[in-house]
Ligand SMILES: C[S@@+](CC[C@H](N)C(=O)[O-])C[C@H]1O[C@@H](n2cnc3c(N)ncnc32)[C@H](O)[C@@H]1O
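Next up: a single chain in C-alpha cells, the form predicted alone.
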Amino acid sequence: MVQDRFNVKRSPSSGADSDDPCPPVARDRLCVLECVPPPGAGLEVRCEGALGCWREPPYAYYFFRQSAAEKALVSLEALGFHITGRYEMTYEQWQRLPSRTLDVGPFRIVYGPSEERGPSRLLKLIFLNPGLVFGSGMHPTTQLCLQLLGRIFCPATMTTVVDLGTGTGVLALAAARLGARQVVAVDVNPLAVQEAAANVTRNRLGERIFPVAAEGLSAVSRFGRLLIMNLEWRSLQAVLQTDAWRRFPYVLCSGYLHAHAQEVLDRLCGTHGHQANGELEGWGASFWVRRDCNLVPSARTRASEESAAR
C-alpha cells in the first residue's frame, strides 16, 4: 500500500478546499485500513478522524488520522467490514510534493496561493490542492501526459475532451489551459470528483470543466474528441478491452509499464495510428489518432498559424 511505481493510484480525497499548499491532513500521520465491505453496505462511514474512502473493488480503503485508528477499526468491524490490511505513513510518504511549484512541459503547477491568477506568457498555470487524491503531478505517468499534451494538443480539432480517471483533475485543467472548450472529468470515486471540482473552482474554469462521478465512458455518451486515460494498469487494460474508446478521434493513454507497452500497442493499432510516445522511469505514455481522421497539425505548423494570427 505504498504509492510508488508498482502501486499507482490508491488515494482518497481529503475534502479540503483551501489555498493552503499543505492541506490540514499533511500535518498528521495517516492510517489506511483496507477492508472488504459487507454485501449491500454503503461506503460512507462517519467516524472520528475519518478523511475519506478510496474505492477499489472488492476493497475499500479508508483513510484516518493515525490518532483515531483504533476507534476507526472497531467502528468498521462493528459495521461488518472485514479488515484485510492496515498501513501507516506520513502525508509526505503518500504525496511527494515540492514545496511550492512544479514545472512540467508548458505547465507550472502551483501548490497553494499565488498572486498570479492567469496563465503567464511562458507557462500555463494550474493551481492544485491534491489532498490525498492521485494527480499531484509528481508521478511519472502524470508528467508524461502533461508533456505529451503540450506537444500534441490542437485547439482547432480537440475542442472537447474526456479525462477518464481524473483524480485531482490536473489533466482536465491542463487541457482547458491549452484551449479545450469543454472537458468532462470522470472518476469512479465520488471523493475524487469532489476534489477535482474544488480544483476546477480554484482555477476559475467551472464554465469549461465538468467533473462527473461515473463507472466509465458510458456516462459521456458521444461527447468528446480527445480521450485522456491515465489509469492504473488493471483499469486501463479493462477499458482497452471494450470498444467504447474506439470512437474517439484522439487518444492519449498512460499508466502502463514498459512490460505492458506491447499489449497497449496491440489494442490500439487496429483502429488508431501511433503518433507520439514518451517514457519516464519505466512508465510509458502514447498518443494515437484514429485512422479515418486527419493528423494533428505539427507543432511547427501550429506555431506558424498562431504567429500569423497575431
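On a predicted model such as this, the values are computed, not experimentally measured, just so you know. Residues carry their position along the shown sequence, with the first being 1.
There is also a form predicted together with this ligand; it is not shown, and the following applies to it.
Asks: Just one of V200, L227, C154, L231 has a heavy atom within 4.5 Å of this ligand in the predicted bound form. Which one?
Replies: Going through each option in turn, the one that passes is L231.
Asks: Only one of 67 to 75, 165 to 173, 100 to 108, 82 to 90 gets a heavy atom within 4.5 Å of this ligand in the predicted bound form; which is it?
Replies: Every other range fails; the passing one is 165 to 173.
Asks: Please check if G150 has a heavy atom lying within 4.5 Å of any heavy atom of this ligand in the predicted bound form.
Replies: Flag for G150 set to no.
Asks: Is E207 close to this ligand in the predicted bound form, meaning a heavy atom pair under 4.5 Å apart or at it?
Replies: The answer is no: E207 has no heavy atom within 4.5 Å of this ligand.
Asks: Does this ligand come within 4.5 Å of any heavy atom of G216 in the predicted bound form?
Replies: Flag for G216 set to yes.
Asks: Flag N189 as yes or no: does it have a non-hydrogen atom within 4.5 angstroms of any non-hydrogen atom of this ligand in the predicted bound form?
Replies: Because a heavy atom of N189 falls inside 4.5 Å of this ligand in the predicted bound form, the answer is yes.
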